[in-house]
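Here we start with a single chain on its own, the form predicted alone, put down as structure tokens.
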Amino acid sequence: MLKKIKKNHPLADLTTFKIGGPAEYFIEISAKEELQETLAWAKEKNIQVSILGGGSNLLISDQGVKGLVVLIRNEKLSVHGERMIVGAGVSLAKALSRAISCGLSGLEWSNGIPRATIGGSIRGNAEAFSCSMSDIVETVEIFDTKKNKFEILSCNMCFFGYRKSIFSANKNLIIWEAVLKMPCKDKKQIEELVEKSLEFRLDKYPNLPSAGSVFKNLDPQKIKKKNPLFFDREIKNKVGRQGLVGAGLIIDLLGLKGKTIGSAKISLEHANHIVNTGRATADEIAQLISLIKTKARDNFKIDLREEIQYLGF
């Protein structure tokens, strides 16, 4: 099995940014035994391990990633009544397609999200249109690297929050599989919601390589506390879905739409997206992120927090 480990394996094409250097070591895992053997090998060699999903919410360093990068390829997918058993490596698109064919509702909001996997979506509690993964997750099977064994966590044990979970806080827990519980609905209604989701993304989001939303949306009360005048003038009538203020609004108010550094650009379509216009580097993306954070803090007293993950930095 360890013969499957590759050296200096390119990673850029495994991300939606199309950016990043190679992994020092790389392996694709599709079976539990492979995962256990691989992690044991890495522990014996004292090699750091990083887990990769669909690469849809990730910025990889131009210098690459030291240690071992594990790509989870568990693509198990089956439906039993209102429950879908789905591997961490299954794409949201594939899970949605099966849900539609079975008349199951709960993933309509995900249509059009590029390359996202079930594992990554659970880890970051992906959401849109006031719906999220936590609404449909019943249980998650994980591998606990400290205990060296597989365990099953209930939804409550996952401690889901806005764009976070126990898995984003604890790197020792590797998502392997999940059971999603979704109610049956009329297929026509499901298909209509699926179409609306795609139409929204095609209309509002850029059609260039990106990692989706760069920053998390904001609590309006925190903005009001730090900068009441700015809140009353610009924010109070623009609170969006889930009672949050869109980070894109803040970036737009800073006048940064269209700002470029090298081949990295703050999208004109959606200010919370940074796009790769051709040959952008991770360093250029990181410089734009730093610029946005600095200006938001200096001009509006707002601390923006990244939603995207960094690897190799």
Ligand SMILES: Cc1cc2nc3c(=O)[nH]c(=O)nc-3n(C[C@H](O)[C@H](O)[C@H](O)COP(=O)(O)OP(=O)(O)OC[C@H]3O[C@@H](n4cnc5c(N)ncnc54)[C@H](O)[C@@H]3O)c2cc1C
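We number the residues from 1 along the sequence you see. All values derive from a computational prediction rather than experimental measurement.
Although not depicted, the form predicted in complex with the ligand is the subject of the following passage.
Just give me the single entry in 234, 135, 127, 82 that has a non-hydrogen atom within 4.5 angstroms of the ligand in the predicted complex.
Among 234, 135, 127, 82, a heavy atom within 4.5 Å of the ligand in the predicted complex occurs only for 127.
Heavy atom within 4.5 Å of the ligand in the predicted complex: which of 180, 96, 218, 116 fits that? Just give me the one.
Answer to the contact question: 116.
All of 55, 72 and 174 within 4.5 Å of the ligand in the predicted complex, heavy atom check
Affirmative, all three are within 4.5 Å.
Going by heavy atoms within 4.5 Å, which of 153-161, 239-247, 181-189, 210-218 lines up against the ligand in the predicted complex?
Comparing against the ligand in the predicted complex, the contact stretch is 210-218.
Consider residue 307 of the chain shown here, and say whether it contacts the ligand in the predicted complex, taking contact as heavy atoms within 4.5 Å.
Yes, contact at 4.5 Å.
Taking any heavy atom pair closer than or equal to 4.5 Å as contact, tell me whether residue 224 reaches the ligand in the predicted complex.
Contact with the ligand, no.
So, in the predicted complex, is residue 88 in contact with the ligand at a 4.5 angstroms heavy atom limit?
Because a heavy atom of residue 88 falls inside 4.5 Å of the ligand in the predicted complex, the answer is yes.
Wondering, does residue 120 line up within 4.5 Å of the ligand in the predicted complex on heavy atoms?
Residue 120: yes, in contact with the ligand in the predicted complex.
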